[in-house]
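Before any questions on binding or motion, here is one chain by itself as structure tokens, the form predicted on its own.
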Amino acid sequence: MEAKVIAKSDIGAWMKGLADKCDVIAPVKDGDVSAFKKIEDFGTLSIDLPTPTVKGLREQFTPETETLFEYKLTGQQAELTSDTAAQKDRLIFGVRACDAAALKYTDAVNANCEPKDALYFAKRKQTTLVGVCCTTPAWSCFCTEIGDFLANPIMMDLYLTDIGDKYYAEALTPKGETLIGASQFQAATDADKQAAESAKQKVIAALPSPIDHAEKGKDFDWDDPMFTKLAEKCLACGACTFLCPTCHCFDIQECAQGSKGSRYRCWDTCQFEKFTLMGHGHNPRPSKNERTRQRVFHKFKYSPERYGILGCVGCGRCITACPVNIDIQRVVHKLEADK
């Protein structure tokens, strides 16, 4: 597909034109928290994007709280209603390569059940993703250690690379081809291509080298003393999992109001004590030792065995958010060295 360029000064006008056909979502900073939100005023759109956003794409596909259905009881009969109204298509701008790569994992998770998660896949189908290459990665980023998706992006439709006063635009899907057909895009030159490749290689050189964690994770020691040390330190606050783009655990609750009510799902985490508490009182993970081990094993051992994909994309959010400085990258390195 032929690459093009778009001036940074034309980004707002381009997305404003798209807003007539779809909702446009982009990173927005609210105080110290940056997250993807629907854009209403394109004149104030900032293209100085945080790397990565504090909150990723997870809530765009599985909201923190989501109603599954509502019901009304009449005697012994129950009438169920669900929100099946067609949602407006949407475009998410400013997606980082790690967040897009995380969708490959969550797609596999949500497809590996019967029935498949219809709410999740409906949102996936209605979404176009425009990625932006990270030219200034955060101190905690280690995506290049996990995969090559920074240089070879996946799960997005259009990939933009900052080359000064413009973006180098690569269409990765037919949706992306349609997007760069807009009047704001111009043909890219060889100099533009070289500038984009140079920008990518510069950031890749500043990040960790690739490691085959999927292979090394197969032989993690179940009784490694590292987990006892982590348990002593961990506060079990759940910040690491709630900010993780691949975490997907949820709880289902019911809100009853007389003869009416609703059933909804909300985010949950394996780091909470009651996550695995059973109805008869047994808890297979009664201490933080088991729970901290579960998080690491799930991402670096169980997920490759089950889906053939690591359950981590190296975004580093869990590292920056942890109030007691637990670093999953260092934890995994230590476990691999202990084998």
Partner chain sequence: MARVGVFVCWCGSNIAKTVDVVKVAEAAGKLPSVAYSTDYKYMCSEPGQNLIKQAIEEHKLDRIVVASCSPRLHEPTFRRCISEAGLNPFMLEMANIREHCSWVHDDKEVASEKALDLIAMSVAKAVKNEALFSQEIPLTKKALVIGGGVAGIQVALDIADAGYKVTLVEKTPSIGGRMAQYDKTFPTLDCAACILTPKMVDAASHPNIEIMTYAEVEKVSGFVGNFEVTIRKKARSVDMKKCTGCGVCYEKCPKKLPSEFDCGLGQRKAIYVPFPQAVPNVPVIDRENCRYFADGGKCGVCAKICPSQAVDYTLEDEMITDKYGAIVAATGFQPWDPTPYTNLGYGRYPDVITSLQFERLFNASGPTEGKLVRPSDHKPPKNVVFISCIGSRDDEHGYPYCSKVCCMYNAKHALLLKEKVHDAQAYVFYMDIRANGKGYEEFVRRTIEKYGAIYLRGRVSRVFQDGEKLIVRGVDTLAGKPVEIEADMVVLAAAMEAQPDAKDLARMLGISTDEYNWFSEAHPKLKPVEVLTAGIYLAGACQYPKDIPDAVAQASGAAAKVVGLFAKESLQSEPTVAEVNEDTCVDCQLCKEVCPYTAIDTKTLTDRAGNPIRTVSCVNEGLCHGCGTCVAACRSSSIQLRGFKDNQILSEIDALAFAE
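Bear in mind that the values here come from a model prediction, so they are computed numbers and not experimental data. Residue numbers count along the first chain shown, from 1. Take the two forms, superpose them, and find the largest set of C-alpha atoms that agree within 1.5 Å; that set is the rigid core.
One more form of this protein should be noted, the form predicted in complex with the partner chain, which is absent from this view; the next part is about it.
Distance criterion of 4.5 Å from any heavy atom to the partner chain in the predicted complex singles out Thr74 from the list Ser209, Thr189, Thr74, Ser198. Judged by heavy atoms within 4.5 Å of the partner chain in the predicted complex, the contact stretch among the candidates 173 to 181, 259 to 267, 91 to 99, 190 to 198 is 259 to 267. Lys125 is not among the residues whose C-alpha shifts by 2 Å or more between the shown form and the other one once the rigid core is aligned; its shift stays under 2 Å. Annotation: Cα of Thr189 displaced by less than 2 Å between the shown form and the other one, core superposition. Ser259 is among the residues whose C-alpha shifts by 2 Å or more between the shown form and the other one once the rigid core is aligned.
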